[in-house]
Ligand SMILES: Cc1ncc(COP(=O)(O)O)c(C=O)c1O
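In the block that follows, a single chain appears as structure tokens, in the form predicted on its own.
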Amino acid sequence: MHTFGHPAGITQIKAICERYNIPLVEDAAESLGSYAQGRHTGTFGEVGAFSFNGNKTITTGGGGMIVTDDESLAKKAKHLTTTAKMASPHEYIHDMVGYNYRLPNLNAAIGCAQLEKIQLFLDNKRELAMRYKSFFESQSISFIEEERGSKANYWLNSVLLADKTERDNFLDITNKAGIMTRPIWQLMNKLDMYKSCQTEILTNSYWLEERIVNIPSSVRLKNHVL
């Protein structure tokens, strides 16, 4: 998963998967417009998935897209997302457990129109991120930047606080001032329905959960002279 639009160490992950013959499925839901080693995220695995949810870089109101270079996988995915209905002149025959994940034409039209403006959105978000970076350089709070060799879309801008107490104080002060900030999502293994599931120690995940805050990251409206 390319968290908040920052490319993961995908080249290293891919090498491990190839060594042990593990299929690589890439969660690029948040990273449309992000690159690792000059290559777009979502294209390293056998399958990559992008989200077009309402809060993503571009949106169709919901849903998303999968990409693959494997024609057989593409055909199977298309089959599963169209209720696994077999071609027939009359009968309704479904040969697998399928799903109705088809994107309505109206939603697709919205997505196509947004794709035409994606570079504008990406440039806008990067400009905002650079402003944050400049501001936090003089603060005791660390702004999370893209890694060397990668290019993030800065879907969500994030800051790293000293500890959970400082994180909670930051959340309280900013939200009282009318600035919407949020902690990162709670780890899934802490949710009631997953508490019994097997996990690793997750030391780093717990450490980050207590310290990272997402700050306003939307594409900003600008005044234009007509």
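Small disclaimer: the values here were computed from a predicted structure and weren't measured. All residue numbers refer to positions in the sequence shown, first residue = 1.
Quick note: we don't show the form predicted in complex with this ligand, though the next part is all about it.
Visitor: Any of the heavy atoms of Val159 lying within 4.5 Å of this ligand in the predicted complex?
Guide: No - in the predicted complex, heavy atoms of Val159 and this ligand never come within 4.5 Å of each other.
Visitor: So in the predicted complex, does Leu221 come within 4.5 Å of this ligand, heavy atom to heavy atom?
Guide: Outside the cut-off, so no.
Visitor: Does any part of Thr68 reach within 4.5 Å of this ligand in the predicted complex? Heavy atoms only, please.
Guide: So Thr68 does not count as contacting this ligand.
Visitor: According to a 4.5 angstroms non-hydrogen atom cut-off, is Lys56 in contact with this ligand in the predicted complex?
Guide: Residue-level check for Lys56: yes, a contact with this ligand.
Visitor: Quick one: find which of 160-168, 196-204, 48-56, 35-43 has residues within 4.5 Å of this ligand in the predicted complex by heavy atom distance.
Guide: Of the options given, it is 48-56.
Visitor: Where, within 3-39, is there a heavy atom within 4.5 Å of this ligand in the predicted complex? Residue list please.
Guide: Going through 3-39 in order - heavy atoms within 4.5 Å of this ligand in the predicted complex - the hits are Asp27, Ala29, Glu30.
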